[in-house]
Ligand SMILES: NC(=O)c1ccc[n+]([C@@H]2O[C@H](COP(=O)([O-])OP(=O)(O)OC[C@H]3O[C@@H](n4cnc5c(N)ncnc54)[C@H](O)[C@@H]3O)[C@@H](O)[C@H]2O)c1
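The chain below stands alone and is given as structure tokens, in the form predicted on its own.
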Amino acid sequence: MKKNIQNKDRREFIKKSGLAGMAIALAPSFILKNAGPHDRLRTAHIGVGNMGKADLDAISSHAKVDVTVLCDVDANNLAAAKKLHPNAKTYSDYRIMLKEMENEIDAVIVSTPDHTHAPASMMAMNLNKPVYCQKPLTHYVSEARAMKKLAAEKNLVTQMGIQVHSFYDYKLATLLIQSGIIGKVHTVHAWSPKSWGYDGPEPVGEDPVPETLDWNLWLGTSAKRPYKKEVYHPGNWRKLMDYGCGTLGDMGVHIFDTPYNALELDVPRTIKNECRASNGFGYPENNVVTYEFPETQYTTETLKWVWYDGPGAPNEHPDLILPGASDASKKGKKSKKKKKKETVEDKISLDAKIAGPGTLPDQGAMFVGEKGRLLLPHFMQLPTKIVDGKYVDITSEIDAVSKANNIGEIVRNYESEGPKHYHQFVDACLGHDKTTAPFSYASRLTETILLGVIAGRFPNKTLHWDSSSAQFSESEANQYLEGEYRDF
């Protein structure tokens, strides 16, 4: 039987790390009183390779940040980060780092694989440290609720790493929807053709662990497993049930964020995932997840949300037919016209447009309302309104909401937009701003994502979720809301 995050094993895990018994709620002024000299923020970074490297670069680009300590289980990642920040101390075990550096750090950035997000973040918050944690917030629903609760009890500054939340186009789309540009919304479609799934067999045997990798620390609280080269570390863990959350937990968090935020959604009532049967090891490579949400002020009585991922996503649907579509597209099939490979420069160009007449962007979301549709490509492209099969000029609406909400002129420059979400966290820690994706919000969004992930273990079956009890009506699904923590 799986155990709750408050269970004996987890309490013992925290106790052994010297973090128990620290539940005093602190006012935000605590951060300023304990910040470094000259109103600066001393940061600790847990995970500094891949996305952790990007997080480190963005946080450290703030003029008032002092990178004080770096932590990674991979010595190569640690050495590369140390070259950039030679004055920072280095650790391989975040537990030791947090205990030894408690009085020398002001905030913690968690950029590990998903299964270590909650254990590392909870330890940091128990030491009264603000936390910036990469998405998805947690690996289990129980962890998301526990992190939300602890952050609230301690009144800590928190932020989940969904950088596009602070980008111009996504803020604009949120304001347009809330202004009623397409009336109340009854359906959302969201999609990504990425495939962070694995339909193959579980690997057998084991390979020598690289001398530069502490495999035990990489596994952390997850079950012990033999090392296999190029299966887990550094990049493929997202595909696997023990460590990641599939495409839904990767791109889904980014693409869900704007519709979820704009419509002010809570968690869903029902969830159904159309996918292959669970193999207990890797996530399905293709998923179609249908959610039903209760009404908000921006939706009809019930909101239907459909997520598509994997090769070929999204599936054909009349709501996704665009003006100028070919006959094939009107029947729900994508144009077969070959496109040149998109570069980063193409993505962030000021002239970025939808891929072509009648062709859906590779990733994005479609709001379907009482007065039309709003297409939001992912990423860095303006939303587009469609009514009766035709594009509608919304220049005046964009100008109006931009001026009314003081979001400024159109910005489409990743170099300037990218750090905003991180800098907002730093400024909030220093008492100069507020975060827009705190754990109070991020936990709900993550819970929604994780319910869809769990539904993948019960393909084509509708699961019914009771938010008040945090339980499914289908008792067999409740075992996946939490997981056992290994003592490592």
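Throughout, we count residues from 1 along the sequence that is shown. Because the structure is predicted, anything quoted here is derived from the model rather than measured.
The same protein also exists as the form predicted together with the ligand; that form is not shown, yet it is the one meant from here on.
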(message) Only one of 233-241, 147-155, 295-303, 180-188 has heavy atoms within 4.5 Å of the ligand in the predicted bound form; I'd like to know which.
(response) 233-241
(message) Against the ligand in the predicted bound form, would residue 217 count as a contact residue? Criterion: heavy atoms within 4.5 Å.
(response) yes
(message) Can you tell me whether residue 257 touches the ligand? I mean in the predicted bound form, with a 4.5 angstroms heavy atom cut-off.
(response) no
(request) Report whether the minimum heavy atom distance between residue 426 and the ligand in the predicted bound form is within 4.5 Å. (result) no
(request) Give a yes/no on whether residue 135 approaches the ligand to within 4.5 Å in the predicted bound form, heavy atoms considered. (result) yes
(request) Have a look at 273, 112, 247, 159 for me and say which one sits with a heavy atom within 4.5 Å of the ligand in the predicted bound form. (result) 112
(request) Any residue of 46-84 with a heavy atom within 4.5 Å of the ligand in the predicted bound form counts; write them all down in order. (result) 46, 47, 48, 49, 50, 51, 52, 71, 72, 73, 74, 77
